[in-house]
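There is one chain below, alone, in structure tokens, taken in the form predicted alone.
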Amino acid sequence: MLGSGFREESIARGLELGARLIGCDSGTTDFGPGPLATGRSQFSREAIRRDTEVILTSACRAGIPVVIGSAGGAGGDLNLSWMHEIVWDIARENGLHFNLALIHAEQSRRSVKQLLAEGRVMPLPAATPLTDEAIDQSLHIVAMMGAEPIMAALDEAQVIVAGRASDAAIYAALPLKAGYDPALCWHAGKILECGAAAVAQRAAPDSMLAVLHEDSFDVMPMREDYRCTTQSIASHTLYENANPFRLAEPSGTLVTQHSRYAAVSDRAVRVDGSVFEPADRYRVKLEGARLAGFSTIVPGGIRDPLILGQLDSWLGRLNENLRERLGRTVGDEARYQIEARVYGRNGVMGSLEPRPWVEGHEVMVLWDVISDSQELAHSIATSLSHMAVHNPIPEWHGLISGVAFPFAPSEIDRGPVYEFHLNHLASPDSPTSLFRTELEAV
């Protein structure tokens, strides 16, 4: 991932072996909706610039194209503009000249409403049907492009900086354009999308190379001390997919149920047997982010074994007492929400935790108060922390202190928080119709 770092000599090694394209993904939803909502990258400008400079200078010397996808962390127009400035700065300082393509992925509320009105938007599992109201709440909406906008840009530009894009499309576009089997292109792209994450034991991020043949492809790491195994490559095929054998892309589905993985050296793996099923209708994913409110958190440790033995009822009494107090001061419960995550029991998995009981001698409760203003969230959190520290249990008489706060003050304002609320599929007029491309001579 752009900004996470790689060795410059690994890029040089790939070029020595005849690489015809350098690709790098720059986006993820791992960091939540913040980068899309705000336009700010999760990685620093310095980290992004360093990686981009290595890629651009290397590609210009070799005369091969560069594709950066999901620019700036989320691929919206603010993210794309930020990445655009970095590319120009690098080019000026290094005397680089190339044709640049910027592919926009951000969608206007009006255009998404039009798609919805025409019956061309459907929810992905767990999402609810899209409404005009939800669209109006969106701070930014992006469509995730497939390979086709990148393929078209390769006719006009050496350096392509794309908005939100399918990770695998970054790498699949060039071989698809050259006429290779779509199954090989998409499967190779899937393996390359996280770089050296597909090796057996990765100490740090680095680069990978794929070599496509007529009916198979080989993948290998560029670090000499890394190695790919059949298991590491097969397992990465499953990475971030709900179905281990069917990987959906806008133009169809990569089917890996009968894929074969064979070692061709102690560091490289050959893959064949994959199949690509073209879609009956081209669809792209829509992602949208909106403001969820303003957050104040309160972390507190509990070690009292009597409280731990009745933690659910203790939390329940605290919640009831707090809501009774807030009913007299705040009033409408719709103005706030309070969530308690119990680390040491089920703080990571919540209701999905298969062992939902306390096994250790202490837990940390992380209370998260979200409200429609920072002032109100903080006010509620101060009431919560005061009531929590003295929340009684039947076994204790008189005033007790049952929670240890690691910070003073115990209330920590996090500021605005966001949520993804568009997770839908849209059927565009064509694979490129939603993705405007700007061309520049740098």
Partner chain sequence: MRKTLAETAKLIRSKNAGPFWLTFDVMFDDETVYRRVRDQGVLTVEVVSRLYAVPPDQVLLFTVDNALAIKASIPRPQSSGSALDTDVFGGQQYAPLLDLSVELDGQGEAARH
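Not measured: the values here are computed from a predicted model. Numbering follows the first chain given and starts at 1.
Just so it is clear, the following notes concern the form predicted in complex with its partner chain, a form of the same protein that is not shown.
*Asks:* For the spot marked by Gly14, Gly39 and Tyr171, is every residue within 4.5 Å of its partner chain in the predicted complex through some heavy atom?
*Replies:* Per the other structure, none of Gly14, Gly39 and Tyr171 touch its partner chain.
*Asks:* In the predicted complex, does Arg341 have a heavy atom within 4.5 Å of its partner chain?
*Replies:* Within the cut-off, so yes.
*Asks:* With the cut-off set at 4.5 Å between non-hydrogen atoms, does Gln231 touch its partner chain in the predicted complex?
*Replies:* Yes - in the predicted complex, heavy atoms of Gln231 and its partner chain come within 4.5 Å of each other.
*Asks:* May I ask you to check whether Gly350 falls inside a 4.5 Å heavy atom distance of its partner chain in the predicted complex?
*Replies:* Yes, Gly350 is a contact residue.
*Asks:* Should Tyr261 be classed as touching its partner chain in the predicted complex when contacts are defined as heavy atoms within 4.5 Å?
*Replies:* Contact with its partner chain, yes.
*Asks:* Sort through Ala242, Ala334, Ala117, Ala203 and report the residue having a heavy atom within 4.5 Å of its partner chain in the predicted complex.
*Replies:* It is Ala242 that has a heavy atom within 4.5 Å of the partner.
*Asks:* Go through Asp167, Asp218, Asp77, Asp368 and name the one with a heavy atom inside 4.5 Å of its partner chain in the predicted complex.
*Replies:* Going through each option in turn, the one that passes is Asp368.
*Asks:* Tell me which of 396-404, 25-33, 382-390, 44-52 has residues with heavy atoms within 4.5 angstroms of its partner chain in the predicted complex?
*Replies:* Contact-bearing stretch, as computed: 25-33.
*Asks:* Though the partner is not shown here, which residues of 121-140 have a heavy atom within 4.5 Å of its partner chain in the predicted complex?
*Replies:* Sequence-ordered list: Pro125, Ala126.
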